[in-house]
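Here's a solo chain for you in structure tokens, the form predicted alone.
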Amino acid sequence: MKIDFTHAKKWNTCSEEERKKLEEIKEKMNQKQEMLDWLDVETCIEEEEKKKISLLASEIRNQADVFVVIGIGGSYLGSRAVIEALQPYFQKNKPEILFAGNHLSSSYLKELLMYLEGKSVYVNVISKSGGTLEPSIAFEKIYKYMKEHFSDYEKRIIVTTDKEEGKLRKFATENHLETLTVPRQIGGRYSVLSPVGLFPIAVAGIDFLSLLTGANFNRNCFDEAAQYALVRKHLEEDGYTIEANTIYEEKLSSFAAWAQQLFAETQGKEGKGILPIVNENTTNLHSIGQYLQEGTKNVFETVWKIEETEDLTLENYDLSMNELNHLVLEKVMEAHESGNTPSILFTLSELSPMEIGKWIYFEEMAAAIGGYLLDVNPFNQPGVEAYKKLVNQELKKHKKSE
């Protein structure tokens, strides 16, 4: 993985004061006094859970037509990002991976239940507390479906939750359901390299141990991640308050959505932080691209490039299709720079578990460092709790008597 600031070099600086602050941040993170167990592979997931995931995933791949992952935010975005990045577009591996509990669309949930009819189904419900509204609603309906359709439903439902506490842990214990653990000191948006993300990834047939190897390879990426975090901070100070996570490979669409949550929820606090958005190119060059070229100068781009992909020859050019994609990517950055839209370029050698593992770890590191640079807590989400509180207060008025 490489990072290039050529088209944002004006902001690629570090003052003596910032250097001292980064040293303090590094020391603080290494002490792991907060929600920082994602920093090390051995605290992301225990050896016994790796074995358990391998066995469960193998069984499910042999038995299931459909595997439903129930969760919201970090409980599903990370695994979905990795699965979509590493699976073929059209020839999907068995089982089919579907997601639920990440919104409140009644049509989606009703149609999902109809779609499951006649299929061998396994379910993974993910929630540290078990009290989050959207996955709770989805699990209630899907659990009822599983009880009605499968005599062995207990072994078909795997619960990923807190090791000891919470509604979902209690429910799993009382109903004799298989469980995996959400580590206490890892928040949802940092959980993709824990059982939260790794189990669905393993069920999809992806080498999850290589993901962990890639992450571990990048354990010492603090300086490079700090450089990215610092450039983002300087851009924000100059009025560039929106970051377009720009992809030129559609398989990365969910990855951009995962990065959007990671950075927005980590840094968007106390009137601070950059708004990340997903920008799919070349599709958006005739819409968002126009804005980036000539619109208000409040957006910069972080562009993601994949060096090697499956490729096609072109009849009318002495370029392959992948080379053409890269040519357009480079010329768009040049054009946007001429229109005063800076860009940062990430390059991955390929889409593989090892490279994706490195990338995930780098993004998590950069998001946390950026939060500390803004003097906000990178690991809480008071804004999320604010809407939940209001919704729960109102729902109490509609609660049916038992």
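Counting begins at 1, following the sequence as shown. All of these numbers come straight from a predicted model, not from anything done at the bench.
Below: the form predicted together with a small molecule, not depicted.
*Asks:* Scan Thr132, Asn124, Gln267, Thr302 and let me know which has any heavy atom within 4.5 Å of the small molecule in the model of the complex.
*Replies:* The residue from Thr132, Asn124, Gln267, Thr302 that makes the contact is Thr132.
*Asks:* Consider the chain as shown here, without its partner, and state which of Gln261, Thr181, Asn325, Asn284 has a heavy atom within 4.5 Å of the small molecule in the model of the complex.
*Replies:* Flagged contact: Gln261.
*Asks:* For the chain seen here without its partner, which of 218-226, 146-154, 270-278, 185-193 has a heavy atom within 4.5 Å of the small molecule in the model of the complex?
*Replies:* The contacting stretch here is 185-193.
*Asks:* Does Thr246 reach the small molecule in the model of the complex if we count a contact as any heavy atom within 4.5 Å?
*Replies:* Looking in the model of the complex, residue contacts with the small molecule do not include Thr246, since no heavy atom lies within 4.5 Å.
*Asks:* Look up in the model of the complex whether Ala256 has a non-hydrogen atom within 4.5 angstroms of the small molecule, and give yes or no.
*Replies:* Taking the distances in the model of the complex, the answer for Ala256 is no, it never comes within 4.5 Å of the small molecule.
*Asks:* At the 4.5 Å heavy atom threshold, is Arg80 in contact with the small molecule in the model of the complex?
*Replies:* Result no; Arg80 lies far from the small molecule in the model of the complex.
*Asks:* Decide whether Gly73 counts as a contact residue for the small molecule in the model of the complex under a heavy atom distance cut-off of 4.5 Å.
*Replies:* Because a heavy atom of Gly73 falls inside 4.5 Å of the small molecule in the model of the complex, the answer is yes.
*Asks:* Looking in the model of the complex, is the small molecule within 4.5 angstroms of a heavy atom from every one of Lys128, Gln381 and Lys388?
*Replies:* Answer is yes for this spot.
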